[in-house]
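Given as structure tokens, the chain that follows is alone and in the form predicted alone.
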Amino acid sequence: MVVEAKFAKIVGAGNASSQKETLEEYSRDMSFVNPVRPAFIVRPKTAAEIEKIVNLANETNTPLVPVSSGSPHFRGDTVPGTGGVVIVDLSGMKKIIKITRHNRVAMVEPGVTFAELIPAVTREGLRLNMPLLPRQSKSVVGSMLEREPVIMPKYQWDSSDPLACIEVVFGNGETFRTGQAAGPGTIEEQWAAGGVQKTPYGPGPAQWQRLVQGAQGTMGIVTWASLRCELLPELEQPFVVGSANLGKLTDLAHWLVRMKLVNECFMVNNTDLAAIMAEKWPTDYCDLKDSLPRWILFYNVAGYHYSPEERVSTQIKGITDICKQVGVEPVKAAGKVSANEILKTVQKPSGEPYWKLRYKGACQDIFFITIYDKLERQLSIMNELANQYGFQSSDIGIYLQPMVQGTNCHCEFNLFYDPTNPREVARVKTLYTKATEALMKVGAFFSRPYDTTARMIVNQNAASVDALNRVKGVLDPNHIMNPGKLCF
């Protein structure tokens, strides 16, 4: 109780809690990670408070778990990995620090959600390169730190994009700024001199934000981040291409992204698109799914301030020529869903309830990075395992997202299930583990390992584990930051 009082003193009594009901909320999420109740919750409002919290945690050997997004959580990274944890809830840090249209950059605190940032950047003539339908409560900073794939791959030059610079309080209590933000001078002094916190390189030639991205809060706590934005188009023409042959769609996606002809570009199967677009359940979902082709490629052609009509028409002509070579036809609607409806839907966060929860109430994701040459085999293995473990393969949602100029692809399987049905929960839990093991053997790269499979994935490479532990020993020598996650 003495330690809790010290944490409460830093943030103020109104921003600290040890109520049983509140602690229970943070003890579990929708993953298969075993629940562990935290000891205390603090809600800092400033970077200075975060630095004091980290220093006190080192003095008292108290583990910390940073949380920036609101519920529901899905991946087990915010569930305490040990007892006695203090949850550092950053969701109240909602300041949009700066938006600059000229430089196409925004700087925000970790509590800012997509629902809050999208209107702000729109007023400045900008738009976000965002993930596919993030939930309403999803933190923008949290999404970027998790390296979630974005739906405009032509603007993604590196796997860390659109993240630019960050300010982070490492587990050793030191505050550090990466990229252009590293200096010289304070952020305000950099602004006065015309500086922009947009380039991620630095200090020196290194990209230090990579130590924090994907670390699940095991290295430190980010107090703000800057991100690259894109110009808001003046004219948009979305299209869909449906096919039973996924190979034709991946060929088309390859050329669309490689030649930088489109903005949004992704592929889904009929299960996922029906789950995203259905309004009335279950009637709309079943009718919509039945009306759709097995695979759907969605893309959007955009024109900007200068000659938008000419630009769009020229790009559409080029795309039409490519489609003829591939043997597919772009149209304005697939089944009962129009391309315009899809565009409006994916340019904002998911409505409520979150789209992955609408079908059966819960969803377990299996996601990895791959290349198109390996994709057919990986899809086949997933279908075989689903049938083997009693999960209808046609009920699996599949989302394919070209990444980093189309050089690779994010593949995601969405396993929808009823969380109140113990047999269904057990079936999905087993399939999740077995599929992860099998997919790794055929080239699936799990770059973001979470929850119960994290150690199995990370421990495949002893050299990486050794390197990570060395870095952890420097940045978080007392191992106070989210212990029990990844290989720590």
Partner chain sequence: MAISKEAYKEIEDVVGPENISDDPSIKDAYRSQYLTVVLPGNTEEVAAVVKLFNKHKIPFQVQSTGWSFYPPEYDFIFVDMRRMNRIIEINEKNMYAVVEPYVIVAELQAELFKRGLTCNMKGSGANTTALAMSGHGHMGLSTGTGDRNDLATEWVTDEGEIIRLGTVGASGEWFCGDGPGPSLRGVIRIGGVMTKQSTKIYHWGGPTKYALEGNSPRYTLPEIPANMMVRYYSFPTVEKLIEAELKIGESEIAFELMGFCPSMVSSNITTNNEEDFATLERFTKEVQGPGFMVIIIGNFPGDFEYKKMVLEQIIKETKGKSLKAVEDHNAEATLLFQCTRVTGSIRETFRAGGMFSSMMVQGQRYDLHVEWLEQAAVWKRELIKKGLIIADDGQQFGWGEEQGHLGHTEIFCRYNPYDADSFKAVHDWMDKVAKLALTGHYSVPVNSALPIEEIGSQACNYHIWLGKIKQAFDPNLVGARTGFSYVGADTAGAHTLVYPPKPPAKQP
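What you see is a predicted model, and the numbers here were worked out from it, not measured in a lab. Residue numbers count along the first chain shown, from 1.
Although it is not shown, the form predicted in complex with the partner chain is what the next lines describe.
_Distance check, G204 to the partner chain in the predicted complex, heavy atom within 4.5 Å_ = Yes - in the predicted complex, heavy atoms of G204 and the partner chain come within 4.5 Å of each other.
*Partner contact for S464 in the predicted complex: the partner chain, 4.5 angstroms, heavy atom*: Yes.
*Close approach of T420 to the partner chain in the predicted complex, 4.5 Å, heavy atom*: Contact check for T420: no, nothing within 4.5 Å of the partner chain in the predicted complex.
*Indicate whether the partner chain has at least one heavy atom within 4.5 Å of a heavy atom of K280 in the predicted complex.*
Contact with the partner chain, no.
*Which pick from Q213, S91, Q347, S338 sits with a heavy atom within 4.5 Å of the partner chain in the predicted complex?*
When the partner chain is considered in the predicted complex, the option within 4.5 Å is Q213.
*asked:* Using a 4.5 Å heavy atom cut-off, which residue among Q325, T122, N387, Q405 comes into contact with the partner chain in the predicted complex?
replied: When the partner chain is considered in the predicted complex, the option within 4.5 Å is Q405.
_Stretch in contact in the predicted complex with the partner chain, which is absent here, among 130 to 138, 246 to 254, 108 to 116, 271 to 279 (heavy atoms within 4.5 Å)_ = Stretch with heavy atoms near the partner: 246 to 254.
_On the criterion of a non-hydrogen atom at 4.5 angstroms or closer, are S380, L415 and H479 all touching the partner chain in the predicted complex?_
Checking in the predicted complex: none of S380, L415 and H479 is within 4.5 Å of the partner chain.
*Can you name the residues of 182 to 198 that have a heavy atom within 4.5 Å of the partner chain in the predicted complex?*
Contacting residues: A182, G183, P184, G185, E189, Q190, A193, G194, G195, V196, K198.
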